[in-house]
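Below, in structure tokens: the form predicted on its own, a single chain.
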């Protein structure tokens, strides 16, 4: 009976894995079928030279380059804000918080993780309106507001992944450094964090993907259809998720819709690059933690 049940579970797991993989390949294949034909330098840079566009000598009008640049800047800025705060909060949850205080914080972070992104977007919009009316009359929905809103959106992922990665370290590893005279902070910085780096980086990878794909937040906090490459943190910007949403809802002909599929492929490529870099960093940190410098 046990052998039959184990075999059934194994077959079911294999079938689910194959079905999920097939869906992913079908999805990517469909995007390639609909959008690969529209991929070109003209789609990205329009009539502007590649060097002039990359060096910001000339503004790209009509191409996807401003949206690509806006997406990359937005992701880097959002993750740059969220990671220090999230990792620090995760360390506090795992190493310092105890009892009801830990339960209360955990409940709060779980609630924050379940908040829909459109609500986070409304929060960012309300924040910009409040700051505009109270302290900064020239502040409007902008790149910095979107980055702050996305940072709030991904904080729970980073906090919880850091907490669970630290809490999963065996007690035998935890007591080595204190037994040799290391302080609690030294133990965290030089022993626990390197050992938990794989799990921490996993949460950061999830945060990168979440920032790159979210549309609801940015459409309320600063993303616009045509703005060019943003020259300031306090100005509007273009982003690929918003462009895809805009073009898919208001396309004039099949050629424009195909450009939306092409933009989706570019967004997937950007995410793949971010994930690849994160994976390389993760493996490097793991090797350093296991074998030393």
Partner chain sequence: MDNKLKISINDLHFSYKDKSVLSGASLRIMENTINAIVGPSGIGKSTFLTTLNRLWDTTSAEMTGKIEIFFHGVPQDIYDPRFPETTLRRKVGMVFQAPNPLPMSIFRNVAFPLKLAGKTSRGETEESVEKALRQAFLWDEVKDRLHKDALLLSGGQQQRLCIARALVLAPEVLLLDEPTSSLDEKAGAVIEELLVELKKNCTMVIVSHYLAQVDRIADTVHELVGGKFVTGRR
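Source: prediction; values computed, not measured. Numbering follows the first chain given and starts at 1.
The same protein also exists as the form predicted together with its partner chain; that form is not shown, yet it is the one meant from here on.
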| message | Taking its partner chain as it sits in the model of the complex, is residue 182 in contact with it (heavy atom to heavy atom, 4.5 Å or less)? | response | yes
Check: Can you check whether residue 135 is within 4.5 Å of its partner chain in the model of the complex, heavy atom basis?
Finding: no
Q) Using 4.5 Å between non-hydrogen atoms, is residue 191 touching its partner chain in the model of the complex? A) yes
Would you classify residue 177 as touching its partner chain in the model of the complex, given a 4.5 Å non-hydrogen atom cut-off?
yes
